[in-house]
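A single chain, nothing else alongside it, follows as structure tokens in the form predicted alone.
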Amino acid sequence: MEAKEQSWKKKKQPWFWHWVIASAIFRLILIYFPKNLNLASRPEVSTPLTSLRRLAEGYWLKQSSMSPYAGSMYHGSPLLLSLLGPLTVQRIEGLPDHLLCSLVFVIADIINAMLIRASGQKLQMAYGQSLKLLGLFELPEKSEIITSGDIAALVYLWNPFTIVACVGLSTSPVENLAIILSLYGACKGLAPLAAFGWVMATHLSLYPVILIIPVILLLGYGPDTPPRKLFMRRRYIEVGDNPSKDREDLMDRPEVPHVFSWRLIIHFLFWTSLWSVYVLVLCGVSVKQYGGLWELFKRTYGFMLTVQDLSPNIGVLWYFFAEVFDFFRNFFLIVFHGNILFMILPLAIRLKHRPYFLAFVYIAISSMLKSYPSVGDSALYLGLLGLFVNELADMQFSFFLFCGYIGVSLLSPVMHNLWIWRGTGNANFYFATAMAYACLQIILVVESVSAMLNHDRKLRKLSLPELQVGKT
């Protein structure tokens, strides 16, 4: 069986890598178009937090011995400013501006796809082993289909949202890299890597702070599995069907996978504290002469939470806070951000046996309700959705969602053009597409969670008859 599986992998790998190389070449071709198709000016691609132009402005202020947060241009991390800032001022004659930054984003996309693929392989292996323990699945039967990791990686690389975020000079690929790195480290049981990814993701974007719950569950329980009570039932029934002399051996068999491990959790918390202190020290040194850490938090996290910039984007907060009375502003700020926190605990309780899927749900919800969303956020959760193609095969409204995303992607620039450039429309035209986009994301989250729970119920129905037969 191992020889057959290795030969199948060798046969399939060139096919996969051809598509990966083609995606990189396609990005480079788009980068060489004049002014990168003007994608950097699109509000769906670049936000006040992810725009490379704003980052270049912040770096220019820093080079001029002024605070990079002076004015209202830059609101990102000082570490990201030190990393990408020097690349924004380097020009190569005859080549597009910011070429080096574009290459960094292309490399980040490729690395993201590889990490998603590796995580998918780990998830599918663990899930296959769990189903085998339940007697519902034999590994050789799965040797002739494409793995979910390959599908997810290619979906991420060829997703139009991912491509325009990369070509449009958005820093979203770097932020997505930190999130995926954290999930990959947790999936592999690498606590230092998971802690580093989570700390950097939280530092860059703040909203990934809620991912600490699925990361801890991944480290404690391991990758996604069916509900653990199914394994407990099977073991107890098998114990009842065997002579007393074999009961002790059956009870000692580790047939309940992924018993919670506190050792990795403590390890993770230790490395999280270490990386957090390290990042704070670096940030403190970077902004020491510009107001210190308090000024940094006010200009970055405070900017995100208070929604100070009301420039149009594909979210719904900019229009709402442009219309709401100032007297109610703080109340609705609490309401919108509280919606994210309100859904954390119920979802964690219901989906604790599928922590990676729980991370996907958290990312989708935060992408929908965050103050400055972009298509780069959607690219991330749509790529992760490919990891669960087998479990979500019966998801309803998939064709409707596919057409809806295409329709919103085409209508959004049209409505923006009618409003801003032609003057034949108003803000309601563009906000209508943002509302449709939010509704599509709500439907996607609800339907995916419902399909996953239905899949678990199906496994329960398939396993219980076998257990009852064995019992009788």
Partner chain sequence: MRCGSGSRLGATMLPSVALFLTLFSSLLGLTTARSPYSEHLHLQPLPHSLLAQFEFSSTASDTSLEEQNFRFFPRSLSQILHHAHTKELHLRFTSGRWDEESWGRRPRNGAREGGTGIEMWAWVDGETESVAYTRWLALVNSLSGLFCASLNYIDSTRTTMPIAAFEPEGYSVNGTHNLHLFHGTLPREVVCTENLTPFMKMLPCKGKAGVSSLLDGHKIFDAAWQSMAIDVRPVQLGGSSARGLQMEQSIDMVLDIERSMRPKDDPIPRPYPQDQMLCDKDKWYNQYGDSCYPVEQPPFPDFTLEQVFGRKLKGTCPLIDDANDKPTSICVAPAGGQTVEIKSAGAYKETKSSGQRCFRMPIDADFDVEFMELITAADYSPPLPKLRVERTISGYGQQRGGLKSVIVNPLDEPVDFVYLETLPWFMKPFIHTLQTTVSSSLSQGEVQTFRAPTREEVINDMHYQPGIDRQRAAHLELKLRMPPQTKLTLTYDFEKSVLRYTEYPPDANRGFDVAPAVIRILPSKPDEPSSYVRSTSLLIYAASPDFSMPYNVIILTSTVIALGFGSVFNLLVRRLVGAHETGPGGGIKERIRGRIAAIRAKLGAKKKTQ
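These numbers were taken from a predicted model, which means no experiment stands behind them. Positions refer to the first chain, counted from 1.
Keep in mind that the form predicted in complex with the partner chain is missing from the display, and what follows is about it.
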Notebook entry, point to check: If contact means any heavy atom within 4.5 Å, which of 283-291, 159-167, 268-276, 325-333 contacts the partner chain in the model of the complex?
Noted result: 325-333
Notebook entry, point to check: Can Phe260 be called a contact residue for the partner chain in the model of the complex at 4.5 Å between heavy atoms?
Noted result: no
Checklist line | Contact flag, Ile213 vs the partner chain in the model of the complex, heavy atom cut 4.5 Å | finding: no
Next item on the list: Determine whether any heavy atom of Phe33 comes within 4.5 Å of a heavy atom of the partner chain in the model of the complex, and answer yes or no.
Entry: no
Item checked: Contact test in the model of the complex: Ala22 vs the partner chain, heavy atoms, 4.5 Å -> no
Next item on the list: Could you work out which of Met114, Leu95, Met73, Val209 is the residue within 4.5 angstroms of the partner chain in the model of the complex, going by heavy atoms?
Entry: Met73
Notebook entry, point to check: Looking at Gln308, Gln129, Ser82, Gln121, which is the one with a non-hydrogen atom within 4.5 Å of the partner chain in the model of the complex?
Noted result: Gln308
Check: Check Trp60, His416 and Ile442: does every one of them have a heavy atom within 4.5 Å of the partner chain in the model of the complex?
Finding: yes
Next item on the list: Give, in sequence order, every residue of 402-438 that has a heavy atom within 4.5 Å of the partner chain in the model of the complex, or say none if there are no such residues.
Entry: His416, Trp419, Ile420, Trp421, Gly423, Asn426, Ala427, Asn428, Phe431, Met435, Ala438
